[in-house]
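Just the one chain here, the form predicted on its own, laid out as structure tokens.
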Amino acid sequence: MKYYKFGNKNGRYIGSNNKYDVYENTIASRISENNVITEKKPYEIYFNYGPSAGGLRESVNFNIVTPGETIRDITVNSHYKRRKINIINNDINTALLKIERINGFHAASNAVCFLLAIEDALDIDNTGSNNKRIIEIELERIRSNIDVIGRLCESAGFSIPEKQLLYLREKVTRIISDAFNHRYFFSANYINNVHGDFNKIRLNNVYDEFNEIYNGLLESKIFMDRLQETGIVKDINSSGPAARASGYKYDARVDSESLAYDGYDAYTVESSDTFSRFMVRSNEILSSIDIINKLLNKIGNDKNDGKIKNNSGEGAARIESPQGDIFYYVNIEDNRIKDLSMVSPSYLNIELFKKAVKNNNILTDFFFVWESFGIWVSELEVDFI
């Protein structure tokens, strides 16, 4: 494998799943096994929220210890979304159909990273599809970051910018649908190949519309007060916007060879709070549009050779999904999946959330902190069998 050898530390820690610590020489255990709440004091109560409740997009349960207002301790139980996916011994194309449905909202990130690992295992030259895949991932990043910022607005009761962002998210989704024949990139990706009409991607109006909403939010003292000094956490074991919001230049677009970004430099801020995560996501929406516009001038609509030359091998890949590092490991024998492992950025982000929400926050801060990490529980509890 070009990018990673299990058992050898080869870069910064990016998370764990039920089989491997990525970039660590240890076997990992599930987060939920170490998810133990401290005993409450006589004047405290346990407050349960979820797994099915208003304001939660996915099934997840929070058990909060509070004396009435401050959040002293919390556990996050994500096992309601636990899924076993029958994928071992599948052929590559059948496996791909399942991979891109792990989390439809981030289907491109999962599909592209999985295919890059496959191509690493089978020694396939994928340079011809590099820029097209980057455009996909950056489109997904734009939509995902707009979604997170919209949910921050919802938490603040800012219904007008929330609806404006929902409209803009739908606008980006329709651009994706027109170009790739599916709102969530389903069936757009193949071995060393991307099926799409890139001439249909035009984002200049999206840039201007988001920039206007963004500047309006920055001018709102009420909105800023809800985000600033809320959910502060600075941890070297962080990923994605949460890491860059703490001044760490952690970005697979910079330090991974899986997808070759030309000259990209990560945007960082230092305050480590919900506002800083909002700032990073907002700036990355604008920078993603710039990346796409530059690449659209470099690619055509030609199709690459998707033929598989080898039929066995071991490979891995790591890319920057909208929420941080996503990692796939595969072992292929006779064009069939013999072993498969995925690490989602939500593994680290959920640990960061628990630390952040306990750091001098009150119950009304909860949603701002939770939404700022953009956690997807659907990516946490996946077993490939």
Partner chain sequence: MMWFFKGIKKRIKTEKLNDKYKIKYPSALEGKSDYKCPTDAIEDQKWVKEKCIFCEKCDLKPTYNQDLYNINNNIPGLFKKSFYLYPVDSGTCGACNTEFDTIFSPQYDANRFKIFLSNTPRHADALVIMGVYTEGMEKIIENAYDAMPEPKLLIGMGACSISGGIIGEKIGKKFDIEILGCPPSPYTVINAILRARGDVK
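Positions refer to the first chain, counted from 1. Note that the structure is a prediction, hence the values are computed from the model and not measured.
There is another form of the same protein, the form predicted in complex with its partner chain; it is not shown, and what comes next is about it.
Asks: I'd like to know whether residue 289 contacts its partner chain in the predicted bound form, with contact meaning heavy atoms within 4.5 angstroms.
Replies: Residue-level check for residue 289: no, no contact with its partner chain.
Asks: Might residue 58 be said to contact its partner chain in the predicted bound form, defining contact as any heavy atom within 4.5 Å?
Replies: It does: once its partner chain is placed as it appears in the predicted bound form, residue 58 has a heavy atom within 4.5 Å of it.
Asks: Does its partner chain get within 4.5 angstroms of any non-hydrogen atom of residue 170 in the predicted bound form?
Replies: Residue 170: yes, in contact with its partner chain in the predicted bound form.
Asks: Is residue 368 close enough to its partner chain in the predicted bound form to count, meaning some heavy atom within 4.5 Å?
Replies: No, residue 368 sits far enough from its partner chain in the predicted bound form that none of its heavy atoms falls within 4.5 Å.
Asks: Is it the case in the predicted bound form that 81, 190 and 209 each bring at least one heavy atom within 4.5 Å of its partner chain?
Replies: Result yes, every residue of the spot touches its partner chain.
Asks: Just one of 224, 296, 85, 260 has a heavy atom within 4.5 angstroms of its partner chain in the predicted bound form, so which one?
Replies: It is 85.
Asks: Select from the listed residues 71, 121, 279, 102 the one whose heavy atoms reach within 4.5 Å of its partner chain in the predicted bound form.
Replies: Comparing distances to its partner chain in the predicted bound form, the residue within 4.5 Å is 102.
Asks: Given the stretches 170-178, 250-258, 231-239, 311-319, which is the single one in contact with its partner chain in the predicted bound form, using a heavy atom cutoff of 4.5 Å?
Replies: In short, 170-178.
Asks: If you look in the predicted bound form, which residues in 201-231 sit within 4.5 Å of its partner chain (heavy atoms)?
Replies: 209, 212, 213, 216, 217, 219, 220, in sequence order.
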